[in-house]
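Okay, here we've got a single chain as structure tokens, the form predicted alone, with questions on binding and movement later.
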Amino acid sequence: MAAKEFTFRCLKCGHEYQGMYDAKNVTERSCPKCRSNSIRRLPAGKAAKK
């Protein structure tokens, strides 16, 4: 399975951003805004509407 682009959300500051995710190569992520490592991948279609 190849890496796919997903939306991630920081649980600390609420910042959402797009990033690649590969289930075979899981790496620790940090929020590009506040540098917290409390990041969660959002299910498809759950990104905030802007």
Partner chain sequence: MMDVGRHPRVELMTFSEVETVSGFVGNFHVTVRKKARYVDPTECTSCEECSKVCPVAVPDEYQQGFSSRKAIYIPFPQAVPSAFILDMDNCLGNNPIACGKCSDVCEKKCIDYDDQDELVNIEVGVIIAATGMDVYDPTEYDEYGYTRFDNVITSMEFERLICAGGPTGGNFMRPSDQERPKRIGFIQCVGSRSRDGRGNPYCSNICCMNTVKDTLLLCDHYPDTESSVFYMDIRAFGKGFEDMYMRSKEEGVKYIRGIPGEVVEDPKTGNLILTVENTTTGKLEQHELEMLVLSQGVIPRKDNDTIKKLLTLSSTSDGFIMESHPKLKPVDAPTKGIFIAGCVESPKDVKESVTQASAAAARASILLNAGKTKVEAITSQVNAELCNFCGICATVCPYNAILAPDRKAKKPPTIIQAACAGCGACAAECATDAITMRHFTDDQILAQIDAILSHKPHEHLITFACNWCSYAGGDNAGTSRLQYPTTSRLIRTMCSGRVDEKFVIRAFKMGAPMVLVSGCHFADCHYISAVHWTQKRMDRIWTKMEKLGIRPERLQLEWISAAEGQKFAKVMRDLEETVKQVTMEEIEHSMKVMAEEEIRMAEKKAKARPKPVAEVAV
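Positions refer to the first chain, counted from 1. Bear in mind the structure is a predicted one, so any value in this text is a computation, not a measurement.
Quick note: we don't show the form predicted in complex with its partner chain, though the next part is all about it.
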Can you work out whether K33 and its partner chain are in contact in the predicted bound form, taking contact to mean some heavy atom pair no more than 4.5 Å apart? no
Closest heavy atom of R41 to its partner chain in the predicted bound form, within 4.5 Å or not? yes
Taking its partner chain as it sits in the predicted bound form, is H15 near enough to touch it, meaning that at least one heavy atom pair lies within 4.5 angstroms? no
Would you classify M20 as touching its partner chain in the predicted bound form, given a 4.5 Å non-hydrogen atom cut-off? no
Along 15-35, which positions have a non-hydrogen atom within 4.5 Å of its partner chain in the predicted bound form? Y21, A23, V26, T27, E28, R29
